[in-house]
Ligand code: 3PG
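In structure tokens, one chain follows: the form predicted on its own.
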């Protein structure tokens, strides 16, 4: 049976050989402990982790470790993480360690993946190949349901494809989910009647584990055309429960809030790569993976690699729509697209609502930036005949390579 291969970057404790440090990882995550024990019978040794290689990299090393497939409970993603991303981060033998990726055999991926994926979401909206434009209701929290719906209406009239709640907005008293969803969907239906365009609304249904499916079902019953989950705070199995519910037949938008506590450091923590794999397996249709020119810390190679995990071949599972979000505005649309390609959702909050002429104009400016890309025209040239884009570029400028 093929096994699991995990790759780590690490710096050993001073005085510890890199090969020894790597063995500590392999033993800590499988059958070993800090001292000799009388209960380690011989047949257990088949489950030992094995260090396949240790190679220098920068100021440290990279190791590949084999974990026997038998040590994993098929389908139990929580347990998968306890092996490849468990206690090793606290080992004193390591000054730092970062899980770069983990590759699993088909026998340990008994999941159905996204219900819609890129093609399914494009079908709902009616697009073939252009990038999608999304927005986040701003301010992040505080608006009433009525004002939330008004902002959504303006964004939809301006041409966005997707409107989503902020990751911190759930079911607070100032903006109850039931009232918010009803009013937003009423507003979007009016826009659809006027323009003929379908605009999706991703309502944040994140809550405790035993209630999240019921909350999502309620949102769908109220008309929500997409649900959103904060997957790191809620847990990967919460996403799995949503995707496997027969009553939640809408796309699932996956936000990664809190991820940077684990992914940001280049020397310690967990790279986004594994999280991207899990989201695709477990049924996310869209996933935030970052930008190459926005306000958040980013690494171009990591972002593009993560996106390939979402969009490349994977056991016949549907492709996941990557979402670029955080500091986007019309002036960096072309920079994002030249690196990330057309299968991307450009999610702009302040870059839409901060437009000098308001939300609708901001949405039009983002769409104009995308249209310019699709037509092979520079932003500056396109802005000469598109007032909203011109105003946006005057305020925020153009970000080149």
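Residue numbers count along the first chain shown, from 1. Because the structure is predicted, anything quoted here is derived from the model rather than measured.
This protein has a second form, the form predicted together with the ligand, left out of what is shown; the following refers to that one.
- Heavy atoms within 4.5 Å of the ligand in the predicted complex belong, among the stretches 98-106, 195-203, 213-221, 162-170, to residues of 162-170.
- This chain appears without its partner; in the predicted complex, the one residue of 68, 341, 32, 350 with a heavy atom within 4.5 Å of the ligand is 350.
- Proximity to the ligand in the predicted complex, taken as a non-hydrogen atom within 4.5 angstroms, holds for one residue of 319, 138, 93, 259, which is 138.
- Interface membership of residue 75, defined by any non-hydrogen atom within 4.5 Å of the ligand in the predicted complex, is ruled out.
- Taking the partner from the other structure, the ligand in the predicted complex has no heavy atom within 4.5 Å of any heavy atom of residue 273.
- For residue 327, a non-hydrogen atom is located within 4.5 Å of the ligand in the predicted complex, even though that partner is not displayed.
- Among residues of the shown chain, residue 180 is not one whose heavy atoms approach the ligand to within 4.5 Å in the predicted complex.
- Scanning 279-294 for heavy atoms within 4.5 Å of the ligand in the predicted complex gives just one residue, 288.
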